[in-house]
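Only one chain is included here, represented as structure tokens and corresponding to the form predicted alone.
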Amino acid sequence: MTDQRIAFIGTGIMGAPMARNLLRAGYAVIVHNRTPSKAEALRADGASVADSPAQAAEQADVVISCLPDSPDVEAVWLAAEGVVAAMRKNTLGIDMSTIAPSTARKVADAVLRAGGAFLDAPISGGDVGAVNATLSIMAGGPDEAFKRAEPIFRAMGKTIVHCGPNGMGQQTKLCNQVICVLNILAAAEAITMARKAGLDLARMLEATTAGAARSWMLENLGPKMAAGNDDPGFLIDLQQKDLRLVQETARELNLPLPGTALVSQLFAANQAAGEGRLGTQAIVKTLERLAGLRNLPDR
């Protein structure tokens, strides 16, 4: 049992199982979510529940957030009644959302001025990785802050990499998202081709996941695509948010990313069909509509 108290803000699809894993590792955890019922669900696991980010932060040695987007992170950390205003000196702040690198640096500066240290530490591995504590964690920030955070990260993830100073964790995550979405598209195109050709999809997946085409996306999302299972491990709407961050950063770098732009447009077709709250594997629906394998949505 550790004597460190951790405030965990944002208990959605990813955050709730991450907080549970911290509780299982022996940490005292205070949770807050803007939808109170999502935080209350963790009370049975041993968490205490705070009414606001400030109330959570003032009780904690470490504050972790896992939130949808850059504006949410700024609101939680930098608002007049946010984390920075309430946290104690020497607090370790960790944001595990996927946000703009510039936002991560802005929050880090504010935490530093308040006498704390900050890491941007986005994650990859989906809801399965969050539940099983096998996430990949990409951290940006000072060496000493990373060393302090590493045991906490070990309770939530399997691969923990210190990527450089503040902002570089987020920059690494954007690279991760480029790789992910292009692999999702590859898997979806293969499923669509197999279906059009009349292949047995299970046998096709058995063959391809054992060879050079093998990938996490094919192994985990390929069967869902084949079965028509659109349950979200990661929402299309959130993936599109990440791709917006990728493309904004690419423009700053004067960097063309044609494949990434194509995938974003295909996801936009899902959103136009009312499918933004489905899992990212539902991109196969867009490809199947283009291939004439399913009807266009009624309008």
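Note that the rigid core is defined as the largest set of C-alphas that superpose within 1.5 Å between two forms. Just so it is clear, the structure is predicted and the values come from calculations on it, not from any experiment. A residue's number is simply how far along the shown sequence it sits, counting from 1.
The protein also exists as the form predicted together with a further copy of the same chain; that form is not presented, and the subsequent description refers to it.
Asks: Answer for L235 alone: is it within 4.5 Å of a further copy of the same chain in the predicted complex, judged on heavy atom distances?
Replies: Outside the cut-off, so no.
Asks: Would you classify M87 as touching a further copy of the same chain in the predicted complex, given a 4.5 Å non-hydrogen atom cut-off?
Replies: Heavy-atom contact with a further copy of the same chain at 4.5 Å: absent for M87.
Asks: A227 near a further copy of the same chain in the predicted complex, any heavy atom under 4.5 Å?
Replies: Contact check for A227: no, nothing within 4.5 Å of a further copy of the same chain in the predicted complex.
Asks: Within a 4.5 Å heavy atom cut-off, is Q171 in contact with a further copy of the same chain in the predicted complex?
Replies: Looking in the predicted complex, residue contacts with a further copy of the same chain include Q171, since a heavy atom lies within 4.5 Å.
Asks: State the residue from L287, I13, L278, A25 whose non-hydrogen atoms include one within 4.5 Å of a further copy of the same chain in the predicted complex.
Replies: In short, L287.
Asks: With a further copy of the same chain left out of view, which of A133, V178, L112, I152 would have a heavy atom within 4.5 Å of it in the predicted complex?
Replies: Only one option qualifies, and that one is V178.
Asks: Out of 91 to 99, 160 to 168, 77 to 85, 112 to 120, where are the residues with a heavy atom within 4.5 Å of a further copy of the same chain in the predicted complex?
Replies: Going by heavy atoms within 4.5 Å, the stretch is 160 to 168.
Asks: Going through 203 to 231 from first to last, which residues have a non-hydrogen atom within 4.5 Å of a further copy of the same chain in the predicted complex?
Replies: Contacts from 203 to 231: R203, M204, E206, A207, T208, A210, G211, A212, A213, R214, S215, W216, M217, L218, E219.
Asks: With both forms fitted on the core, give yes or no for whether the Cα of K196 moves by 2 angstroms or more between this form and the one not shown.
Replies: Passes the 2 Å threshold, so yes.
Asks: Taking the rigid core as reference, does V83 move its C-alpha 2 Å or further between this form and the one not shown?
Replies: The answer is no, as the C-alpha of V83 shifts between this form and the one not shown by less than 2 Å after core alignment.
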